[in-house]
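Next up: a single chain in structure tokens, the form predicted on its own.
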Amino acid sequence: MSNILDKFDLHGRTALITGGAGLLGRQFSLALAQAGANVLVADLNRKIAESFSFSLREQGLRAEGVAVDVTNPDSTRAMVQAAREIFGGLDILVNSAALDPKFDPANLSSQGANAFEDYALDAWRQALDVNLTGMFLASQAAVQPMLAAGRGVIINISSIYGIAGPDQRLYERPDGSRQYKPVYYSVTKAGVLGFTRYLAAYYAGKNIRVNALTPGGVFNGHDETFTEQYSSRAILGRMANIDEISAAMLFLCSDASSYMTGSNLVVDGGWTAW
């Protein structure tokens, strides 16, 4: 009789994580490597990707870092080729790279008002290019070795703001000043869900599964006002801890989810349940 835990084992498989040196990308890379996968950490910043992959190797895990610009087809093809050359193939793609306007202490001061009425066209186009076209290009490159191998898994990262409109009251400051989660974020994250369903249906019969993972807000040192306001909207009454999304990622990447494709797994503390 097989052990259910064997279904989560990724030994012998190679996972490529775009945005792999980001807040969640690091957690995804760590979790998949701990489950036995060979992990290619791909990020726009080569230095950070290589440094983080080195830290994984120091833990006895198999990981390498590469640079990628997901908006450039030559770069995404080179990223996939690196996975094949270093690890001998590609079994899993995690599309985590995205522009994400964060409101934690490290990023709060760089956020403009983001009001819709005068939101810059160039910023809108850049976000579409990274968040949607980047996912398209990375997936287009990754499916080639998957088709050749006769199997593969693609996981696309969406957001609760791709399901429900942002509650802009969360971004009002104690002094009465207003900031906004920008329009591109909801639009692109909703687009991720449509892209996921399209690919899942397109590869019917090819043994390539495509699913989305939709996390809620992850605590990253946010100020007390924002944390309390956000937490009051979640049924569990808090933001997610940084490592609470990773188990869901492992589930979707592994054989534990072998009967899932075209689905969206929501891990949001109940935010979208009411």
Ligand SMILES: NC(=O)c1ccc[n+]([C@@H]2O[C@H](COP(=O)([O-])OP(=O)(O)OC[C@H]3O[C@@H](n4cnc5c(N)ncnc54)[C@H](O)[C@@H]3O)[C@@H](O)[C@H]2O)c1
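All residue numbers refer to positions in the sequence shown, first residue = 1. None of these values were measured; they are calculated from a predicted model.
In what follows, reference is made to the form predicted in complex with the ligand, a form of this protein that is not presented.
- The partner is absent here, but in the predicted bound form a heavy atom of V68, alone among V210, V68, A37, L40, sits within 4.5 Å of the ligand.
- Only one of Y180, F87, Y185, F195 comes within 4.5 Å of the ligand in the predicted bound form through a heavy atom, and that residue is Y185.
- From the list 136-144, 197-205, 69-77, 166-174, the contact stretch for the ligand in the predicted bound form under a 4.5 Å heavy atom rule is 69-77.
- L99 belongs to the set of residues with a heavy atom inside 4.5 Å of the ligand in the predicted bound form.
- For the chain shown alone, S51 is not a contact residue for the ligand in the predicted bound form, no non-hydrogen atom being within 4.5 angstroms.
- Within 4.5 Å of some heavy atom of the ligand in the predicted bound form lies at least one heavy atom of V130.
- Contact annotation: Q229 falls outside 4.5 Å of the ligand in the predicted bound form, judged by heavy atom distances.
- Taking the ligand as it sits in the predicted bound form, the stretch 130-159 comes within 4.5 angstroms of it through a non-hydrogen atom at V130, I157, S158, S159.
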